[in-house]
Ligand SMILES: Cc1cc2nc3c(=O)[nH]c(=O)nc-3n(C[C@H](O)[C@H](O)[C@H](O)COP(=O)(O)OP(=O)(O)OC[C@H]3O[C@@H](n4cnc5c(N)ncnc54)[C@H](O)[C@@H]3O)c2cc1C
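Only one chain is included here, represented as structure tokens and corresponding to the form predicted alone.
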Amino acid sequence: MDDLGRYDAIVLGAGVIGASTAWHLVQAGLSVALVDAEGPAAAASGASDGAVSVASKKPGPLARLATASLLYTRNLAADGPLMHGYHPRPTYIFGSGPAEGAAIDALIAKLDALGDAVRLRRDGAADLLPGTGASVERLVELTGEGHMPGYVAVAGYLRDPRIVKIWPARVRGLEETDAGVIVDLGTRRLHASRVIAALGVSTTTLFPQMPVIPRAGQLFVTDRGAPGALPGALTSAAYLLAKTTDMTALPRPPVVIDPLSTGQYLIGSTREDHADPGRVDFATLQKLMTRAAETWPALRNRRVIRAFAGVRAAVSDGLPIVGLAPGSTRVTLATGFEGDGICLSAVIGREVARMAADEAPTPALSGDLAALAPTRFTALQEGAA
């Protein structure tokens, strides 16, 4: 217990946010250890749909950060760790009824305000994408977005041999001193000048004051067929509404139909406030299946081969938590991304690495990053007291 491994920075959590942060830290010349309780992409990053999507982001700081991250992801895919992970593809948003139609109109206005990273290519009825069902009343095609499976992105970042990988290893506690931070792993201790906690649903075990909520989502996967009929994800406008509206108030289920390179379809997803990945709700899945088949009738010829629940780390106010932990000068939090971590991972990893190296954030992003600071909750807690 007295022999301390010493690093410039230790990253806790080997999901896509932690892996991106570790990669950016070693690019800056720092010695880095990456610690995880199980292994890389073992939690939310391994069960994500992989969408690098600005369209699906909540308006405001998240949408602007997602735009910056999309552009940066393209750079890392052109000549960097995401060369084999990110692939551009169109996005299709569909809707039925006035509520979903209004959500599509709001989406178009949001994208217009964000610039030309993502563009509206076509707007019309279902006939612009052959194969959609009669229930689809409105359909828009967007260009500029892409797909990046979380586990593939994590593997890309972790190819850098300078990242010291430590797992399985569960963090028992952190001790901040004048000289740095001691990370207690039970059988050994590590020491770093800085610690970055990208712990996802495990955040509250070390930081119980942070309002991080484990939230599950039901998904299912079909058998294989001929790939290519659907060139990009089909996302219901109800999925956009779910970012700001209670699930029970939505007019239709918020389904996403995601074509995989294997010729399968990954279909989801719900938002349920529990942390049990083994709780498969077949009544909910039936609703998703029904709307998915109405939207893309070819699914009626497929079999479901797996149903499961992925668990994500959500935050009470719908924004992730990024910044120094309350009362700390050496521990940075990067958590609570729910379904937005894949898209945001590139730019968040870069900016958190800058924080850990005592560098100022990228000027154009400073205001939006400030909106994610953990201090927004300490101020509320002090006011309540």
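It should be emphasised that the depicted structure is a prediction, and the values quoted were computed from it without experimental measurement. Start at 1 and count along the sequence shown; that's the residue number.
There is also a form predicted together with the ligand; it is not shown, and the following applies to it.
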Counting any non-hydrogen atom inside 4.5 Å, which residue from Val54, Ala44, Val347, Leu333 sits next to the ligand in the predicted bound form? Ala44
Within 4.5 Å of the ligand in the predicted bound form, heavy atoms considered, which of Pro211, Pro253, Pro259, Gly310? Gly310
Heavy atoms within 4.5 Å of the ligand in the predicted bound form: which stretch among 319 to 327, 23 to 31, 335 to 343, 353 to 361? 335 to 343
Determine whether any heavy atom of Leu219 comes within 4.5 Å of a heavy atom of the ligand in the predicted bound form, and answer yes or no. yes
Is Gly144 part of the interface with the ligand in the predicted bound form - any heavy atom within 4.5 Å? no
Non-hydrogen atom contact Gln264 with the ligand in the predicted bound form at 4.5 angstroms: no
Give a yes/no on whether Arg170 approaches the ligand to within 4.5 Å in the predicted bound form, heavy atoms considered. yes
Taking the ligand as it sits in the predicted bound form, which residues of 9 to 46 have a non-hydrogen atom within 4.5 Å of it? Please list them. Gly13, Ala14, Gly15, Val16, Ile17, Gly18, Val35, Asp36, Ala37, Glu38, Gly39, Ala42, Ala43, Ala44, Ser45
